[in-house]
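We begin with a single chain expressed as structure tokens, specifically the form predicted on its own.
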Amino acid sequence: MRVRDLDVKDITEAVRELCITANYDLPRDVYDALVAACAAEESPVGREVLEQLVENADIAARDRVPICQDTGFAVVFAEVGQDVHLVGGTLADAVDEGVRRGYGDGYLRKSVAQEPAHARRNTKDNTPAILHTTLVPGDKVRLTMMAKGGGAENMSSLNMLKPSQGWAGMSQAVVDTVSRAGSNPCPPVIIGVGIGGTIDEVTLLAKKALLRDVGSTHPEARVAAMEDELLERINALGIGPQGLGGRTTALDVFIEEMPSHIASMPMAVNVQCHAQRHKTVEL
């Protein structure tokens, strides 16, 4: 099969645009979920907060300004076709340059600090990006940029459970994570849950789960039932929009799983705020 050349300059420009649009435009599925939550929320205060979140998204899209002041760490998922030959530089450098330009041109807050245990000096361009690369069939490159804010990321958790704890222990750990988080991740939240694998893979699974559309159903009925159970339990906590009370603590829960070692039961929870910012492009 013929190999297709792709100049990394195209990747840089694509990432630049993704950084800006992800921070200005709330995905349609998330926006529609907030509108639906406004109609369903029983708490007057919670309903008012949800209406303000919808208005905020409208203003950001109309005036081309960030949805939130925390414009996040740039997390980029790159699915690279095995029949693509990148020319003109490396993928990582191209992505970082795109983030550098996007966060500058879009007037987005730079939130990355180097030497985190000591100096904590801002890198001043929001690099380096977090880059997850997967080799896939074909001759295309699919890029997804997620702007991951610190408030929600800080509330996430990794749980190395005992196999004997089973789904009951796992589901309780998810609910406990959200309960401890309270208002900190700016609810209503979206919850990504990773199950299985290893300590590194399970956290990636949880973050990838957040890329699903709000309102979507897992193709496996068993997992879909687990997601529904968790969503119901989380919304019964009463935390509500922005922690001010109500039934809308989470918009959705997504689970991704893979096999694990017979002696292990890793489970990670990646918490995302109501501003679930991500955009995708294919080159």
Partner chain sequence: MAAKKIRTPLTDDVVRGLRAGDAVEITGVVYQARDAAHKRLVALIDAGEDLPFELQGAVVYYMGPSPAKPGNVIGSAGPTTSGRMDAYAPLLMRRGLKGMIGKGLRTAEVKQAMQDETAVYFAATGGAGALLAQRIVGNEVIAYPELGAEAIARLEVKDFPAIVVNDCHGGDLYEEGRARYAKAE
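Source: prediction; values computed, not measured. Residue numbers count along the first chain shown, from 1.
What comes next is about the form predicted in complex with the partner chain, which is not displayed.
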Single option in R101, R142, H132, K110 placed near the partner chain in the model of the complex, where near means a heavy atom within 4.5 Å: K110
Residue among N184, Q114, T198, S157 with a heavy atom within 4.5 Å of the partner chain in the model of the complex: N184
Candidate stretches 172-180, 92-100, 190-198, 207-215 - the one whose heavy atoms come within 4.5 Å of the partner chain in the model of the complex: 172-180
4.5 Å heavy atom contact, G243 to the partner chain in the model of the complex: yes
Heavy atom of G151 within 4.5 Å of the partner chain in the model of the complex: yes
Close approach of R222 to the partner chain in the model of the complex, 4.5 Å, heavy atom: no
4.5 Å heavy atom contact, A39 to the partner chain in the model of the complex: no
Contact set, 6-36 vs the partner chain in the model of the complex - heavy atom within 4.5 angstroms: Y24
